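As a starting point, one isolated chain is supplied in structure tokens, in the form predicted alone.
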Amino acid sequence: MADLLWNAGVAVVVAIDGPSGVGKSTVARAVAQRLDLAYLDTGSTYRAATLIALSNGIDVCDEDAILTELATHTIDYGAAGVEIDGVSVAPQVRTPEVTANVSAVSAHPRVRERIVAIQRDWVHRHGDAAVLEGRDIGTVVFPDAAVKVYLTARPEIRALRRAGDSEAADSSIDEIAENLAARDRADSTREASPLRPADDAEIIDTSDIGIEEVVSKIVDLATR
């Protein structure tokens, strides 16, 4: 394992937050590989909760019903991505239907508490050292993370990047940009764990720099 920053008694977590289309997944995976750490896409755990709700005909606005159903399932993250009851559902959580409803599910405070507990347990099971990407890692899930980074990019850049994703198939750049803006509003204005950079996060604009440069910046923060 790389020579990481270490705070006694605190999980060695590299928290990479930011909205969609800023390169979080690509960057986080590369950072995890460079540092020889486990990697967790926390957004996929909320997508798994959304898939569970939708698959069981539950109203995504009904927090109590969602929590009751979640209690009968296990959500985990393995080599092939997010899992429900031990089965990989990585492709299923990226469908347009899940994408359209994940903000509603993730806005529920008690659902977030349940998913955050799953995420923290996952890190603990991986030696209390991991690279996590999401929207509230540095502010809520691991506020004492050794490294906190918030990625951002100009709206047009984000829309162009998302255009290459399967879940954006058949959508125009303008439609993608509108959807991203709507998701940003929903995530940044929700009462529970709104999307925002931690006060002590390193903010990196990825609009005009390459993935390798972003990765190197984060690795430097973790090893200096």
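One-based numbering along the sequence shown. Keep in mind it's a predicted model, so treat the numbers as computed, not measured.
What comes next is about the form predicted in complex with a small molecule, which does not appear here.
Heavy atoms within 4.5 Å of the small molecule in the predicted complex are found in exactly one of 151 to 159, 42 to 50, 170 to 178, 62 to 70, that being 42 to 50. A heavy atom within 4.5 Å of the small molecule in the predicted complex is found for exactly one of 145, 75, 102, 111: 102.
The small molecule in the predicted complex is approached by residue 20, whose closest heavy atom lies within 4.5 angstroms of it. Interface residue remark: residue 137 is counted as part of the site for the small molecule in the predicted complex, having a heavy atom within 4.5 Å.
Although the partner is absent here, residue 190 lies within 4.5 Å of the small molecule in the predicted complex, judged by heavy atoms. Looking at residue 94, you'd find a heavy atom of it within 4.5 angstroms of the small molecule in the predicted complex.
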